[in-house]
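We begin with a single chain expressed as structure tokens, specifically the form predicted on its own.
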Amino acid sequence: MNVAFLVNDLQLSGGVGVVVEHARQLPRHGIEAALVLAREREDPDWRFRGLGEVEVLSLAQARERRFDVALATWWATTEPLFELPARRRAYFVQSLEDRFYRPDDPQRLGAALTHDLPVDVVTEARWIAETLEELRPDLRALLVRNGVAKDVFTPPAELDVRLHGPLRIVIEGNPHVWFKGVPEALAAVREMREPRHVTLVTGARDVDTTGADEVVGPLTHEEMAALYARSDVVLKLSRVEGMFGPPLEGFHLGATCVVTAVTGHEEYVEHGVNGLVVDWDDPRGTSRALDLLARDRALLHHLRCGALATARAWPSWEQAGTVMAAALREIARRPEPAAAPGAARAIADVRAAVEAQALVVAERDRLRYRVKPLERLDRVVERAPLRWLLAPLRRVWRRVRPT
């Protein structure tokens, strides 16, 4: 049996890293796996663990092959999915990717429509499977949890007790990505009253890092493991996730976490057992939770012990590869999904999007009509000899002026 994973690129990201790990595990189960680049080839980021063990093909090369199963792994790879000669096609869904875009971004609709495709679904989180099955009653998604590289993120035999010193906090993510919540995490640590040491892990350097004591990155897996081992808390205030990895990796090295109730956290975070779950957009409440951990070292140790217990029960990538192999064989065995239900859903979704956009356009037109007198005022102010006298009115106009 042979399979193809379609990827947009091989640049460093958590989602691509998951695909690479699955591809390198499948040969252990008698399944040949290749990565197919859906776009013109870019230089692969060879920091991915095991990428050198996996065959990488261009789309043109893949068209000359024949696969038993081809899988899209990102919404933009669903179009070339149907170009590959494959007996069966599937979609490895790591998040509902329309949520990565702002409401007025046209790519949001494009990502959402891909979930109407008449293909089988493999996913990494229970919430994704349940959501898609609710949207598509004909679907039975196959759940394959992400593994953890236990040879890198190796749980310690015993957990040290940390009674003294500042609370050591790790914040990880790209501050430019709005849904990662990095600026919010930095705002929370700035409001702390107790001693702390904050490490921000990011490749970006052109951002405000006030609140961080040190900025490092990008780091290798081994360097991240060493950082988690000397840290107490992984602080992650994401707005959108599929099944985020950093807190779980931190669990393996004895760090607890403070996180928002983002989708995917329920896969392994239990409030008061192995971490703390805080409210949205509440930097003061988050800082108070962190101050509590800094003061109450018994609670900190209790949560770290719970985190380590969770980590020891979590599957390795070798175990996750076994489940992925079973899921791919199940897809190959199943009858192909009917096309008609997906087409009907896609048409309904397009109609709903058109109606929603029509409402947006109508509202903008209404606002423009209401501010026409203010536009005339703006032109008068520009020509007025004493325009500084009318400057306050102009400032008011610019605040209410629609874009």
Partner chain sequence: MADWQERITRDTKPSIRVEHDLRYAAAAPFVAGAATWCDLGCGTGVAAADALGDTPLARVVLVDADADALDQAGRDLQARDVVRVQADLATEEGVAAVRAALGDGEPGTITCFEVIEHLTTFVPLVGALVELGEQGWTVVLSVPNDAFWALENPYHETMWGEGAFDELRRLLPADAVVARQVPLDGSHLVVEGRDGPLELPPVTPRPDAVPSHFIAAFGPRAGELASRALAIPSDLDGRRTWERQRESTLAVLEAELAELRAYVKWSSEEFARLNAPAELREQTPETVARREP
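Residue numbers count along the first chain shown, from 1. Keep in mind the model is a prediction, meaning the values are calculated, not measured.
One more form of this protein, predicted together with the partner chain, exists but is not displayed; see below.
J.: Considering non-hydrogen atoms and a 4.5 Å limit, which listed residue (Met224, Leu290, Ala327, Leu81) is close to the partner chain in the predicted complex?
T.: Checked against the cut-off, the match is Ala327.
J.: Using a 4.5 Å heavy atom cut-off, which residue among Arg162, Arg284, Arg87, Arg312 comes into contact with the partner chain in the predicted complex?
T.: Flagged contact: Arg312.
J.: Just to confirm the contact call: exactly one of 123-131, 173-181, 233-241, 197-205 touches the partner chain in the predicted complex at a 4.5 Å heavy atom cutoff, so which is it?
T.: That would be stretch 123-131.
J.: In the predicted complex, is there a heavy atom of the partner chain that lies within 4.5 Å of any heavy atom of Arg145, even though the partner is absent here?
T.: Yes, Arg145 sits close enough to the partner chain in the predicted complex that at least one of its heavy atoms falls within 4.5 Å.
J.: Does any heavy atom of Ala294 come within 4.5 Å of a heavy atom of the partner chain in the predicted complex?
T.: Output for Ala294 is no: heavy atoms all beyond 4.5 Å of the partner chain.
J.: In the predicted complex, is there a heavy atom of the partner chain that lies within 4.5 Å of any heavy atom of Val215, even though the partner is absent here?
T.: Judged by the heavy-atom cut-off of 4.5 Å, Val215 is well away from the partner chain in the predicted complex.
J.: Even though the partner chain is not shown here, does Leu300 get within 4.5 Å of it in the predicted complex, heavy atoms only?
T.: Leu300 lies outside the contact set for the partner chain.
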